[in-house]
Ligand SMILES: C[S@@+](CC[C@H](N)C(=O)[O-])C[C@H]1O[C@@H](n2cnc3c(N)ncnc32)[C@H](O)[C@@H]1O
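In structure tokens, one chain follows: the form predicted alone.
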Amino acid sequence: MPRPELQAPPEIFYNETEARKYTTSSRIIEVQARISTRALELLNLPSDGIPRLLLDIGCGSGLSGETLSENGHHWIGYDISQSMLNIALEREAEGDLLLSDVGQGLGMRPGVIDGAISISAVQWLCYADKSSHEPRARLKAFFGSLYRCLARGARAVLQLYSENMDQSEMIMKAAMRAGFAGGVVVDYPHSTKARKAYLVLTCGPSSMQTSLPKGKGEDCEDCSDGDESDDDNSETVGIYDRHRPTKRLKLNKKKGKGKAWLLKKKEQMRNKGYTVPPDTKYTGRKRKNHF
């Protein structure tokens, strides 16, 4: 069966029938609970008993939000499927629900969120479902707004199913350019069914406090650094440096009509009797397109 992302946009694919089928599946409920529990663990929130305000990005019908509520946290859920959110209301999900396209940004106030999770949602941004969609621009808007709304040092844990390495690289680059530090944690890397990849991001530069945990092995123990595998995708932790591209130096590549040419032209106009603005240090500079 083809991937859901290849069949239709999320707001169309998860219609009333598919949304109800998804929510009533005992297998999906169990998987969602397990993944969201692991995502909450990777958030590494302080164990002081104080409820935190979290985001559930792609919350769907509120299955992952139940884990957040059971652990005593408040949460805000984003989803683009009206049908999914309707079922979440029927199920009396305790979080605040927002019908929104996260590819256009989250629209939250800066620094008010203590953490964010996402279960199998971010990879949808890698597909152009409309002529106006450009995956890199949508990822930039999403990660930029996510970085701004998180408190300093807060984490975002995004579980995703990327289709190929190009998608994974595009998602990771967008996160790093937004300012995040972090990497990928892979649980059960040697299993075809149980393997899960989590993008663990920290709001701010990397440090000893933001080091990533190890992924879980097939025997439910942490994988050791000495595990051997011939599979290039079997690594349990991938760490990436925060990188923002430096501004390109503006080189003066004008040919023939530089400042010297302009000064000479103004002098010729003065000799002909025309009124010409005086020469200043700004003469010859190009005006910016915007203020």
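Numbering starts at 1 and follows the sequence shown. These figures come from a predicted structure and were not determined experimentally.
This next part talks about the form predicted together with this ligand, which is not shown.
A heavy atom within 4.5 Å of this ligand in the predicted bound form is found for one listed residue only; from Ile80, Val184, Ile171, Ala141, this is Ile80. A single residue from the set Gly204, Gly95, Pro189, Gly103 has any heavy atom within 4.5 angstroms of this ligand in the predicted bound form; that residue is Gly103. In the predicted bound form, no heavy atom of Gln167 sits within 4.5 Å of this ligand. Within 4.5 Å of some heavy atom of this ligand in the predicted bound form lies at least one heavy atom of Ala121.
At the 4.5 Å threshold, heavy atoms of Met84 reach this ligand in the predicted bound form. For the chain shown alone, Leu63 is a contact residue for this ligand in the predicted bound form, at least one non-hydrogen atom being within 4.5 angstroms. Residues Ile113, Phe180 and Leu212 are none of them found to lie within 4.5 Å of this ligand in the predicted bound form, as judged by heavy atom distances.
Heavy atoms within 4.5 Å of this ligand in the predicted bound form are found in one stretch of 122 to 130, 189 to 197, 143 to 151, 172 to 180, which is 122 to 130. Although this ligand is not shown here, in the predicted bound form the stretch 14 to 50 places heavy atoms of Tyr14, Tyr22, Gln32 within 4.5 Å of it, in sequence order.
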